[in-house]
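Okay, so here's just one chain, in C-alpha cells, the form predicted alone.
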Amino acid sequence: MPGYPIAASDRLVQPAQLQQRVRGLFERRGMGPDDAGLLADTLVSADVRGIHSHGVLRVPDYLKKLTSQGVNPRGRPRVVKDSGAVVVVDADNAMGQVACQFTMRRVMDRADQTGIAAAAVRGSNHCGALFYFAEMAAREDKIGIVATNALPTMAPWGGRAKILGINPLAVAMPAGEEPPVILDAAFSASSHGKIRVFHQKAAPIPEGWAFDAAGRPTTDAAQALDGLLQPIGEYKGVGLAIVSGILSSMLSGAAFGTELGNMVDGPEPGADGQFVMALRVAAFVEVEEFKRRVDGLVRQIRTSPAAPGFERCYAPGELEYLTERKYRAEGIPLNAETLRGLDLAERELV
C-alpha cells in the first residue's frame, strides 16, 4: 500500500506530548477529562501507526463538531434495548469514540457470558480509526469486529452520484508472540482523509484512488476531494460498503447514505451509527492453541517469497505495528498544515 509522502517541512513530535496537547484542547471545548483523554488517545494512536488520515489532522474538525456543529461534548451513551447477546445503544449525540468504547466494553462483558455478543449504536458521530476499538477485544482474548457508516463519498458502481459512504470495517484477532492480526479498511481504495493529507502536501495521489466530479479517474488530490472515491474491487467494494452500512445503521435506526449529510454542508449531528461485536475465543477453541496457529500464519506470511517490486509480505496490521515501534521511539512526523491547524485551534481557545 502506498505510504504518505514525507516532506522536508514535516516535524517529529513526541506522542505523549502530542496527546497531552490535544487532550487539553478537547477539555477546553467542554469534554470531561476521561472523554477528552480517550479522544486524544484515539487520534494519536492513529498517527503513531502511520494512519494520519484519522490522526490529529482531525482536531480542528472535531472542535467544530463540539461547538457549532451540535455534537454533545458531555454525551453519555446508554443501553436502550437488551436482548441477551444483543444490545442497542443510544450514544446521546456523543463523539463516536465515546460511543464505541462504551459499546465494546458492554459486548465484551456480555461475550464473557454468552460467547458471542453484538451491539448496534445510534445517536453517534464520527468515531475515528476503528482498529482502536477492535483491538480492545483482542487484548482480552476475544475477536473484535467494528463497523461504521460514513458520509457519502462513493457512487453505486457505474454511477456518479455521491450516495454511499465508504463504511469501514475493522477486525482484530489475538496472537501469541506475534502482534495481533488487525484489519482496518474502508471499502474504497483510499479514505477521504488520506487524500486530504496528499492535498496538504501538494502531492498527486496514486492511480486507482479516486474519480473526478464527472466520474473520470484522477490523480489530482484537489479534483479527488471534489469528486468520488473509487471502491475496492469495483462493484464488489460497493456491495461490501452497502452491507457494512446496513449493519451500522439499520439495526439501530441510525442514518444511512445521504441521510447523514454531505461533505460540503457537513454531517448531521448524532446521525451516525456503528456495529460492534465480540467473540470470546475460548467459547470456540482453546485460547493458546488459537494464538499458536495465528502466530504460525503470521510467520508463514512474513517468510513467503516476495513478488517483484516488493521487499516482503506483511500480515494485516503488522506494518502499522512496526510503524508504531518506530514512531514511539523517534517521534511522529506531522506535516506543516496539521501543525498549523493545532496552533490555530489553541489560539482560538485562548
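Numbering starts at 1 and runs along the sequence shown. Here the structure is a predicted model, which means the values were calculated and not measured. Note that the rigid core is defined as the largest set of C-alphas that superpose within 1.5 Å between two forms.
Keep in mind the form predicted together with another copy of the chain is missing from the figure; the text below concerns it.
Novice: Can any non-hydrogen atom of L164 be found within 4.5 angstroms of another copy of the chain in the model of the complex?
Specialist: Because a heavy atom of L164 falls inside 4.5 Å of another copy of the chain in the model of the complex, the answer is yes.
Novice: With the cut-off set at 4.5 Å between non-hydrogen atoms, does Q300 touch another copy of the chain in the model of the complex?
Specialist: So Q300 counts as contacting another copy of the chain.
Novice: Classify Y321 as contacting or not contacting another copy of the chain in the model of the complex by the rule of any non-hydrogen atom within 4.5 angstroms, answering yes or no.
Specialist: It does not: once another copy of the chain is placed as it appears in the model of the complex, Y321 has no heavy atom within 4.5 Å of it.
Novice: Would I51 count as touching another copy of the chain in the model of the complex under a 4.5 Å heavy atom rule?
Specialist: Outside the cut-off, so no.
Novice: Counting heavy atoms only and using a 4.5 Å cut-off, do G115, G159 and V285 all touch another copy of the chain in the model of the complex?
Specialist: Yes.
Novice: Given that the partner is absent here, state which listed stretch (27-35, 60-68, 40-48, 311-319) has heavy atoms within 4.5 Å of another copy of the chain in the model of the complex.
Specialist: Comparing against another copy of the chain in the model of the complex, the contact stretch is 311-319.
Novice: Among M108, I232, A203, L225, which has at least one heavy atom within 4.5 Å of another copy of the chain in the model of the complex?
Specialist: By the 4.5 Å heavy-atom cutoff, the listed residue in contact is I232.
Novice: Judged by heavy atom distances of 4.5 Å or less, which residues of 202-225 approach another copy of the chain in the model of the complex?
Specialist: Counting only heavy atoms within 4.5 Å of another copy of the chain in the model of the complex, the contacting residues of 202-225 are A214, G215, R216.
Novice: Once the core is aligned, please say if the CA of F256 is shifted by at least 2 angstroms between the shown form and the other one.
Specialist: Superposed on the core, F256 moves its C-alpha less than 2 Å between the shown form and the other one.
Novice: Just checking, between the shown form and the other one and with the core aligned, does E207 shift 2 Å or more at the CA?
Specialist: Yes; that C-alpha moves by at least 2 Å between the shown form and the other one.
Novice: For G84, is the CA shift between the shown form and the other one at least 2 Å following rigid-core superposition?
Specialist: No, G84 moves less than 2 Å.
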